[in-house]
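Have a look below at one chain only, the form predicted on its own, in structure tokens format.
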Amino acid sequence: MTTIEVAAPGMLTTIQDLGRHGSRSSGVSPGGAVDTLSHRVANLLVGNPADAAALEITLLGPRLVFPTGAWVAMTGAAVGAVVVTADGRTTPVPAWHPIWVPDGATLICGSFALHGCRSSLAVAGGLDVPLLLGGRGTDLRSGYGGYQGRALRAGDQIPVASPRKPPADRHHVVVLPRTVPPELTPWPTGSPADGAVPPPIRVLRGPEFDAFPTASREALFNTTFVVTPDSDRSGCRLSGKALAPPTMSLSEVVVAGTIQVPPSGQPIVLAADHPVTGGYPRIAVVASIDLPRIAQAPPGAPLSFIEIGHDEAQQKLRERERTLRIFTLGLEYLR
């Protein structure tokens, strides 16, 4: 069996997939990758099903040893990855490409994210961890799934299922020339690392939108908020002009992207590990097309919001899914 050895785990590296679905009635949060788009693309680049288990890396990258080599692909935030072969040669490797990591080589995923917040690292064959409640992802709060229900630690041995055939020369780094369309990245209009000014996050009105005072509704769309350091896989916490919430609210169903307003008035955008219900009023919901941008917003990043209609939100998502299908077909043809 092929395994990956964790020499250093990074800040927070967990095994994730596309989540557990169908158990909300039992109080089970879907969880899974925060940036599902980058997760899907990484898997497709190495020939995996889009929902295969892969690594989610947060801010500080891990150092991974591949005793028998493997095809990998890293997407999402750039972490300046390099491969160090057994004879000491160092080769910088790009994100968004399939890469052969030679036998005995070490993949060093960088000491910090150059832009963004999270990277997805897929390994051909997928990570072979147990299926639990329909998913393989790590639920950190409940302590199950993934690798022993926790973030990775130095010394962990991660099994890989059905590794893909190596290249003819398995002792050298190989980078395949694949091109990922901008629409399939979290930054379709240009990366912040290139100086691009990110557009506002598109949102739909939440169920309690009309219950908020007029001043709060206007402030939501006229304020530039800042992501705070206490953000995590449960939610992206923002700091900015306080939004006065309604005086009363009930505990209601929430989904990833729901923008809740607690008594402090500082919004919280729920992420993958959100609870299945929440008692804070829901002023808005991030359109699915922009959820990857929320997932990639690091502490200190500015965020602003703009309203979008349901029809437009659905159309934008359909356009992206169509691009993803065409991309998938192109990869299958190249194989």
Partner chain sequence: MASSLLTIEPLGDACLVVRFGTGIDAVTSRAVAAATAALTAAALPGVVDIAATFNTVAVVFDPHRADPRDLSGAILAGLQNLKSSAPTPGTIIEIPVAYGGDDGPDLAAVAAHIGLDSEAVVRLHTTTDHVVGMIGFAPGFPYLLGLPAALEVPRRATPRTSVPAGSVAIAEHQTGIYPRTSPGGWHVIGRTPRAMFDPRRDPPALLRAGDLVRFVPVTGPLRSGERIR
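No experiment lies behind these values; they were computed from the predicted model shown. Numbering follows the first chain given and starts at 1.
Separately, the form predicted together with its partner chain exists; it is not shown, and the next lines address it.
Each of Ser25, Val254 and Val285 comes within 4.5 Å of its partner chain in the model of the complex, counting any heavy atom.
Between the options Leu132, Ala211, Val174, Ala161, the residue in contact with its partner chain in the model of the complex by a heavy atom within 4.5 angstroms is Leu132. Contact with its partner chain in the model of the complex, defined as a heavy atom within 4.5 Å, holds for exactly one of Trp96, Tyr144, Trp187, Phe221, namely Tyr144. Residue contact check for Leu204: one or more of its heavy atoms lie within 4.5 Å of its partner chain in the model of the complex. Using a 4.5 Å cutoff between non-hydrogen atoms, Leu250 counts as a contact of its partner chain in the model of the complex.
Contact between Gln314 and its partner chain in the model of the complex is found at the 4.5 Å heavy atom cutoff. Look at 47-55, 296-304, 63-71, 27-35: in the model of the complex, residues with non-hydrogen atoms within 4.5 angstroms of its partner chain sit in 27-35. Relative to the shown form, the Cα atoms of Pro213 and Ser249 move apart by 3 Å or more in the model of the complex.
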